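There is one chain below, alone, in structure tokens, taken in the form predicted on its own.
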């Protein structure tokens, strides 16, 4: 084969199929993704620096300061137990971000491995696994989570496990569809011809070329997980009092919303901005990588 044929742009190879090293440069070209990730990073910074941003305790009850309005001592007022609302909002991101991101990471990691593996294996293994996942997908996520936490208890580890079980099938379907587009390409066929095992092929040949799909899936899935875990806390199956958690704060203070609206509105705004940031990140990255794929195809 001539040198010109070997270097033909129509020949699929790993160098032209969205390597992970291009992700940062691509990100900087997407205003939507930058805004979304900026909001997420802001929440991460506030949660990490909460002890430095406020000296008040997020859990100590001060009955004499109950239901105070906004002022110089308490910028957003206090709740029915005299706890500073702003302090609890600042600390509330720690539980929401830690549990939600841990659960999302587990679900996306497991779903990515299973999705790539089934796409490479194919045959009866692929068909059998997809039918099992279809059965799991038929169960509403909130119902499945309520069943799990009712049986096993409402601890952070249980919630991470429950979310992983609920959302892994959805990740598998998305990643499998992307991996099916990569599996027939020449460099994957060559790796199989060399006798490489499934795991090395997955890590070296398939995963680097669908990393954009995994990144978008993580951002999109994280926004749903944040809302789902906050819903569990609101219903009394998530964070236990007096843990500063946004969903729990909304549940505790909703009855006093007329007296002190900020005790309810502040965690709602914090939760909404985090979810919007994650959605903007997913949307911006998805649009950007779709444009890049169109340019490469042309």
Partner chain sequence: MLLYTCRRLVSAVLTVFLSAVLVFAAVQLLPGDVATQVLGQDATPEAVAALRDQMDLNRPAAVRFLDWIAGAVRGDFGISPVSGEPVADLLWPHLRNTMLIAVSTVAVAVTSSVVLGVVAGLYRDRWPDTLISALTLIGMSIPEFVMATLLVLLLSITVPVLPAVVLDEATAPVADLLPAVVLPTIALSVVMTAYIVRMTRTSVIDVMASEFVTTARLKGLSTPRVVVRHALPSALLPTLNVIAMNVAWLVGGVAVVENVFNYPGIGQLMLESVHNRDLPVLQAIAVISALVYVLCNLAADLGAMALNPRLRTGGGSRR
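Quantities reported herein were computed from a predicted structural model and do not represent experimental measurements. Residue numbers count along the first chain shown, from 1.
The same protein also exists as the form predicted together with the partner chain; that form is not shown, yet it is the one meant from here on.
- Residues with any non-hydrogen atom within 4.5 angstroms of the partner chain in the predicted complex fall in just one of 174 to 182, 92 to 100, 116 to 124, 151 to 159: 151 to 159.
- Across the proposed site, 110, 191 and 218 without exception lack any heavy atom within 4.5 Å of the partner chain in the predicted complex.
- Using a 4.5 angstroms threshold between heavy atoms, residue 52 stays clear of the partner chain in the predicted complex.
- The closest heavy atom approach of residue 258 to the partner chain in the predicted complex falls within 4.5 Å.
- At least one heavy atom of residue 272 is located within 4.5 Å of the partner chain in the predicted complex.
- Of the heavy atoms in residue 140, some are within 4.5 Å of the partner chain in the predicted complex.
- In the predicted complex, 131, 132, 134, 135, 136, 137, 138, 139, 140 are the residues of 124 to 140 with at least one heavy atom within 4.5 Å of the partner chain, listed from first to last.
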